[in-house]
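Shown next as structure tokens: one chain only, the form predicted alone.
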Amino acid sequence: MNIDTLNSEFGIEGAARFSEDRGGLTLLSLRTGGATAEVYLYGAHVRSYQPVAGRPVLWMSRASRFVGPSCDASGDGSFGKPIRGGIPVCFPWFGVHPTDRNLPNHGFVRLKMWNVASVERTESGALTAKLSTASDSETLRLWPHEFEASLLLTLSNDLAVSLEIRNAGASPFTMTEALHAYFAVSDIRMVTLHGLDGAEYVDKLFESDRRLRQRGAVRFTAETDRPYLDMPDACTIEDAGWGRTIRIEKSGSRSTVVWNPWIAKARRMEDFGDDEWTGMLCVETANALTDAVSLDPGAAHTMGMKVGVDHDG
């Protein structure tokens, strides 16, 4: 659908509007009395969430690429480039593919166009937007399983995002997944992450699957890449520099992945500004590594996160 058709069918005056954004990507902007949010149809990628009286909650890299999928003369499609920041959707694998490093990191649904299923206002004044996608000839070439996926956003003062995956094929499959949220912070060196005390994690900076145990809150003094496993609990980002706490509740998730590239890795990444590492922290709602999810034919699994902000004083 073109922009005019989308606005005619799904737009809500003063609350939900489609527009063309960078790289020609279609963007849905949502506004309630308490907050705003934006999501691309490309990848069902949440770009922003911001309380009306506050700072942005999600971080976006100024070096991010905005390149959607394309088709050649034969009609065959090619995937686009990942967007750096916001909330990318990772499925059907999280991180590097376990057997083929040439396949896209974090799977392929974040590189596909999604469809708009609905945009509605609830009786409470919240807005909901549902996007969907499914397996096709290109995804089946990379991962031989049929699936249906939907992303549901609910915006009030808080932002809730849920990802449902349904096995649409005739055989079972196992998947890993994440809502790979990038949070904006004043300075990562002034941030404390609570809620993971006692949890076991794998330090991905080392070539080992050995589990370590978190002691106390997480503080940041160097590159960090840790999947915390069998960890269903909520986390909070305490940001002393901005005097706020970001609440991250989750459901259907057994993993929490914590990531910041720090100095050297940020410089090696083409779509990440050299000095941007100070202003972001990934706290990802996930099912990763040994927390993989298996689905029988016809079965579905829903994983969700809810984000809100509290201010000091």
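Residues carry their position along the shown sequence, with the first being 1. Note that the structure is predicted; figures quoted are calculated from it, not measured.
Although it is not shown, the form predicted in complex with a small molecule is what the next lines describe.
Contact with the small molecule in the model of the complex, judged as any non-hydrogen atom within 4.5 angstroms, is confined among 55 to 63, 243 to 251, 258 to 266, 28 to 36 to 258 to 266. This chain lacks the partner; the member of N105, T236, N157, S132 within 4.5 angstroms of the small molecule in the model of the complex by a non-hydrogen atom is N105. Between the small molecule and the residues R166, H145, H97, K204, the one pair within 4.5 Å by heavy atoms in the model of the complex involves K204.
Although the partner is absent here, W93 lies well away from the small molecule in the model of the complex, with no heavy atom inside 4.5 Å. In the model of the complex, the small molecule sits within 4.5 Å of a heavy atom of D225. Remark: F183 does not count among the residues lining the small molecule in the model of the complex, judged by a heavy atom distance of 4.5 Å or less. Taking the partner from the other structure, the small molecule in the model of the complex has a heavy atom within 4.5 Å of a heavy atom of R84.
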